[in-house]
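Listed next as structure tokens: two forms of one protein chain, kept apart as structure 1 and structure 2.
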Structure 1
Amino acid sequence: MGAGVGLVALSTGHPAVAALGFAGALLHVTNHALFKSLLFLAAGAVGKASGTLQIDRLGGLARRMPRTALCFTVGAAAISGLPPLNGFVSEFLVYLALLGAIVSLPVVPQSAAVLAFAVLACVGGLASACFAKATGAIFLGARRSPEEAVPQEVPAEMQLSMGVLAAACLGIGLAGSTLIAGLDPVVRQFSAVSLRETAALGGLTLVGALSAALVGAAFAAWLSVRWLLRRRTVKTGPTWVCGYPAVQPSMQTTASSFAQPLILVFKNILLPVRHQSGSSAAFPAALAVEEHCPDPIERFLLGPGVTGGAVAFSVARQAQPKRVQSYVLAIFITLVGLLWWRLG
């Protein structure tokens, strides 16, 4: 979106809007390299510690792996575009570019910018829901498989690599207007306008100040809680479940049940597949329900295309000649045909 609005703005003679779009696109590419790497490393740490990457078999890892849980949460918030992290800063620049396009560009690009603005906001909300699901199902609650080995925190070198990336995500979120020094030389090559002459300077300064205030407030709240509880005994007890006594870890909210409301809203697009086994009685002895959403593009476009291509290649392979003489004859006939088509 950032690169697109930048190109449209350049073609319509609005270089300041183009500079904002290109700056947002460049910074967002950098940010994706950071927080996606962080999330992949955290997923690898979870897999190494627990022996599985199936979300519905995990749970309660924050107690055993607090540093990994913190790094994963930072990456999840960053990729969702939440302040005070880097994903919010780059999306903020793209939002500024889209607002500039809505105000300055002709009618048709204006309409496209309004639609892009709404889509970007929707994507941010859906990403937040997705990673809230992943973070909650993996790190919160209780272990869903108590019979398996208890996971432990990963080695220090794995924690260090995640910590560096998490610190970079936070650092860019707090950098504010200092980001212009790195983005400006590249952006000027595209738009011939300095970012200091656009709304980016004031916007990034404000974002950096608000992000710093948010981090300071969170840290102050944490210190206050620690100070208030320093001489108190913290008691633990079972979670209230409306008086139901026979609570099992498997009864926790799963990733699938967390996503169910959104899946119902988009069911005509996602086309969920549901498998249920067991008795239909009121109190069945055993009941299993599984629901997943296959990728519609893979399911209806890529899958049939790959299958059809495999069948076509299989037929072509069967039609291939088996003797060297037949290959030579086929090449000769092809060359004669090409010469006749070219010369005649």
Structure 2
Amino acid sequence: MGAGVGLVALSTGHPAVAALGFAGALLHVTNHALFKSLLFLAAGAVGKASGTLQIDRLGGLARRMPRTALCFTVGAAAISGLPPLNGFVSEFLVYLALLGAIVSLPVVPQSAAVLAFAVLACVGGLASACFAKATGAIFLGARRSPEEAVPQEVPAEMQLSMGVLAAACLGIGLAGSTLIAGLDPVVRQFSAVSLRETAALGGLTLVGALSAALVGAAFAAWLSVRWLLRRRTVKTGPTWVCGYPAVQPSMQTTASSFAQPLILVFKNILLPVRHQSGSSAAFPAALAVEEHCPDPIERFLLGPGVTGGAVAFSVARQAQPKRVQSYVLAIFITLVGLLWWRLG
């Protein structure tokens, strides 16, 4: 989207807007590399620790794997574009470009920019909903299938690789302006205007400062609560669920249930498929319902082709190293290296 704005702005003679768009796009790609790797690593850690990746069978892993949970949460917040993390910085640039387009471009791209602006906001909201759901279903609450083996925190090297990525997410979030300044030469290849000439750099510095303020304020608030409670009675007990003494893990929202209200809103696009059995008898003996939203692209376009490809890939996979994490780490290091080479 950022690149799109950039191209349009370039063609209509607004290099400043274009610069923002390209910078946003570039940074966003980098950021995606960071937090997606982070999320995949964390997902891998979860898979390794619990033996399943079925989201509705997981839950409560944060107690067992606090560090993985922290890293996943950072990744989830970053991919949702929330400050003080890196996802926000790149989205901020894209938004800035769009706002620039809204304010200064001719009417047709201007309208398109408004549309894009609203769509981006909605996508942001949906992403945040989706990753809140994922974080919640995997790491929070109580375990949904207590009969399975108790998951343990993954080995230190896996934690380290996740930690590095999470730190990078926060680092870019706080010091985005420095990185953008570094991106300037790249951007100038696309657009005639230096980022320094746009207002973005100053803004980004403030974004970084305010993000730091957010982290600081949260930390201060955390300490104050600690301080307030230091001599008080602080107890632990079961979650308040209306005083029911025999709570079971099934009494939690599942990922699918969490998403269902949203799916309902978009049912004309997502076309959910529902299978319901069990009768409407007065005293039903059994009841079952299932609903899923097959990806329309997969369902109608890719489905046939993928099946063949999957077979081929599964053969190829035998040859690869077993641990996905190390693999992704290698990719990450290469990326960072390339970036430095290009910037330096």
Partner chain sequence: MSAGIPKAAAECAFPNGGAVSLESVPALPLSALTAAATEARDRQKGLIALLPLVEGAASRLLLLLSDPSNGHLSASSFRLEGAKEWPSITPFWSAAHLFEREIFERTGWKPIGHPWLKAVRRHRELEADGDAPAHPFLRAEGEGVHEVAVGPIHAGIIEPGHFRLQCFGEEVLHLEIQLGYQHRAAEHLLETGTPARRLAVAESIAGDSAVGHVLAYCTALEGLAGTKVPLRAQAIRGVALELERIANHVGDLGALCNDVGFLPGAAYFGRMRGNFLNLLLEISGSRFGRSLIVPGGVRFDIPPDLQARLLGTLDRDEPQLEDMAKLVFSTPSVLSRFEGTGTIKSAAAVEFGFVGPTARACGVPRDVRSDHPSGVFQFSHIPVAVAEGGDVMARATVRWLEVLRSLRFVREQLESLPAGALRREPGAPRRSALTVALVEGWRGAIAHVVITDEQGAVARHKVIDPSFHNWFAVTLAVRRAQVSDFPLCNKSFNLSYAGHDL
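Between two forms, the rigid core is the largest collection of C-alphas that superpose within 1.5 Å. When a residue number appears, read it as a position in the sequence of structure 1, where counting begins at 1. Keep in mind that this is a model prediction, so the values were computed, not measured.
- Of the two copies shown, the second one, structure 2, is the form predicted together with its partner chain.
- If you fit the rigid core between structures 1 and 2, you'll see the Cα of Pro238 move by 2 angstroms or more.
- Positional change of Ala288 between structures 1 and 2 reaches 2 Å or more at the C-alpha, relative to the superposed core.
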